[in-house]
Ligand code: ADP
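First, one chain by itself in structure tokens, the form predicted on its own.
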């Protein structure tokens, strides 16, 4: 155990690291729609190396049953009361990659989509919150910290501290991680009243009311012992009206309990030295394999196979949050005036998808748009591109820029959230930096930054230095795990 942890534990009068139960709507590789699943799936493995027994509890979604049904062990079952509803809840156990995962089984709530949307989704995760709390005493594992994630689990701290008086659940310590504050679980007060029995005394701005609605995420921010988000910059940003989606009041009131811990990536999965999805392997200082990957990417997507042209890429959801309105504004100017290639892998708003299809037609052989998602192609895009564009309006953390740097693709980002915390802009006077960035959410500022990057591409010495810096950067989850372990100890 690290000396730092021993000293922190000693201050708490104990020797052992705390037991932690992570509660999440999704967990990779079992179920995944976004970065939340990657964090919940990777963090326990990294915490194990720090002597933290961290386990996961998540819904037994249909996609998990289809793949892992023969590997789970049934533990017990009980019934959950949601208003007039009396619903079966089974607890299954799965050991995967050294991590113990508890699965909450309910065909009614988890036999279809991970997120059903609207009222159905609210009911799904009210059931999950109640089932988690009622299951904990019988797991054969006693957590000290319950690590909740996003609005789907944010009611757990409130329920435990207002409805479980005298029970062991009331004495747990609660951490709430906000992965994306734009999603809050807003509804009428009849929903938590009916489904969870929340007393009307809590329907005030002091507790869970926001702009006349019940707000699940706000309730979590009020009742969790600590709140964190997925980058230091985002932790600051969400205390401002522009980024907070209305929660700046409670987050400023809880500022002493709010922190940011940057996410990490799985360095075993994303490693150009032994990535099985690449046609050639490479590493820092030995980049011949990267040139092979670039040629393969160009060939597969119908681009001219050239090594004398810079290739800019995006792997993204095509939405305004990801800055795609900036791309649509100035892509034609860049393609018309710069000798460059552009690759897009992603899907999203129909208007942006149609824009990219038309752009591919206009710039045949220089621009390729793959509408959809393909994991093997994504790895090839990271490995075969020279620059990776992420002009996000806001970005709580972002993982793509870290993956891109791991593969020697230099990120071009807007300075927001985790992008600001991970990408150091190139300094032409010192040679420092691992990418390029711009401050304002402005298409022409993005355009000029792309042009600066393209100019640097033609200076091979500058590029070698920047690629070396990018591939040296360590974004492994081990660093994040250390910060979470310290936070858990401080919560005891």
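On a predicted model such as this, the values are computed, not experimentally measured, just so you know. Positions refer to the first chain, counted from 1.
There is also a form predicted together with the named molecule; it is not shown, and the following applies to it.
- A residue is said to contact a partner when one of its heavy atoms sits within 4.5 Å of a partner heavy atom; residue 215 fails this definition for the named molecule in the model of the complex, lying far away.
- For residue 284, no non-hydrogen atom is located within 4.5 Å of the named molecule in the model of the complex, even though that partner is not displayed.
- Although the partner is absent here, residue 117 sits far enough away that none of its heavy atoms falls within 4.5 Å of the named molecule in the model of the complex.
- Under a 4.5 angstroms non-hydrogen atom cutoff, the named molecule in the model of the complex lacks residue 226 among its neighbouring residues.
- Proximity to the named molecule in the model of the complex, defined as a heavy atom within 4.5 Å, holds among 317, 186, 85, 306 only for 317.
- Checked against the named molecule in the model of the complex, the residues 91, 80, 345, 262 give one hit for a heavy atom within 4.5 Å, which is 345.
- Of the candidate stretches 189-197, 124-132, 327-335, 395-403, only 395-403 has residues whose heavy atoms lie within 4.5 Å of the named molecule in the model of the complex.
- Contacts between 367-387 and the named molecule, taken as any heavy atom within 4.5 Å in the model of the complex, involve 372, 373, 374, 375, 378, 382.
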